Structure formats: C-alpha cells, structure tokens
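First, one chain by itself in structure tokens, the form predicted alone.
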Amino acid sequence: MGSATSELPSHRTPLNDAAETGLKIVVVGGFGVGKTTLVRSVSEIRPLNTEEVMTQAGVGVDETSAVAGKTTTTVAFDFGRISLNERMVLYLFGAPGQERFWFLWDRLFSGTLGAVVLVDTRRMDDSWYAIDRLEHHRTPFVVAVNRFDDDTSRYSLDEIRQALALPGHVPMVDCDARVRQSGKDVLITLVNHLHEMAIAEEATL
C-alpha cells in the first residue's frame, strides 16, 4: 500500500465497566494482505503482535514475490481489542498468513463467533484456504477487500464474489486496513451479519 501508516494507541483504554458481551473475532487471509495492519489500526489497546524479521531461512519456503517490500511476518498471531459500544467488546486475533503457519488456524478458530477474510485482488487465490477452513468449521464470516494503492485492476465486489464463488448471503465490503474507521466498519458489518443470522435461527425454532 502507500506510505500511510496506522497509528498505535498512545495509551491503554480501560475496559468499560458496563461491557457485557465479549466476542472473539479472527482476521484471516493470505500473506501480506493486511491482517496485522487491520488489528493495529482498530485496537484501542496497544496490540500484541508476534511479527519477526524475515530471514534467509524463508527463501524458497515463503512466497514473497507479490509482497516484495515486506520485511516482517507474523509467526503466531496478533491480538487487539475494540469496544463497539458500551456493552459490546470485540477481541481480535490476526492469524499468520504464511502457509507454514496455517496449522495454527484451527486452534485460533476455537471459540470464534465470526471472522473477517481480508482479500488482496492481486492474489485472490491466497483467499481460498481461509474460506475453506471457515466453511469447514461453520464459522460465519465477511469478506473485506483491502484496496492497495498499486492495484490497477479495480475489480468490483460482484466480480470478486464470482471469482471466489461466494454465496449471496456472505457480506462483502471494501476497506483500507490502515484507516481505523474503515476497519471498524468491517467489524460492524460482521457483527450485524452475526445478529441477522441469530435472528433467522431463532425464527426457525
């Protein structure tokens, strides 16, 4: 993406005493798609991250041709927190994107109520594994297309939905992972999706 960077919170925001609902949300997607950036930009606390500098040991193992400027990688997970309102808090877990760390994903999915799949349209094939694992776990998710500055294709959301073979009920949104409000809008879309699913399930009882 461009030179803009997300700002880390300068101080810890205490959890509101009125908070009643805590939801575990996982952010998944391919390597270098912006998962760490999204967690950092929206978190109201200084996020925990496990980024390490990429070394020669990853040469021939990690596919970095499409993210040539990337020098670090998440080796476990990122963690952040955001309060959507006084009563609802989201605990965010950013999954590692490199294939050699995918074995961690199933553990991260444990107890997860919903997920965000970040997509880079220059590397849409990298999204298949994330979608497949979420469908396997029957975890509800939304798809957020992280629009990179050097992406000249500008595929529409409908074109991306067709390319990923996503059913119509899966929400899709554009986003800029560097911008806090944009990331927050993605999370609100997910929470609304979970709410609508819960209402639909209650109606069948």
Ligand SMILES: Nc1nc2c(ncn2[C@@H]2O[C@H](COP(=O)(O)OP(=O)(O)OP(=O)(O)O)[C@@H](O)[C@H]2O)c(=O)[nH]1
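If you're wondering where the values come from, they're calculated on a predicted model, not measured in any experiment. Heads up: residue numbers just count along the shown sequence, starting at 1.
Quick note: we don't show the form predicted together with the ligand, though the next part is all about it.
When the ligand is superposed onto this form from its pose in the model of the complex, three or more of its atoms come within 2.4 Å of a backbone or C-beta atom, and the site is therefore classed as blocked. Interface membership of T36, defined by any non-hydrogen atom within 4.5 Å of the ligand in the model of the complex, is confirmed. Taking the partner from elsewhere, S43 is found to have every heavy atom lying beyond 4.5 Å of the ligand in the model of the complex.
Looking at D149, you'd find a heavy atom of it within 4.5 angstroms of the ligand in the model of the complex. Interface residue remark: R178 is counted as part of the site for the ligand in the model of the complex, having a heavy atom within 4.5 Å.
Note on the interface: of 133-141, 166-174, 25-33, 152-160, the segment with non-hydrogen atoms within 4.5 angstroms of the ligand in the model of the complex is 25-33.
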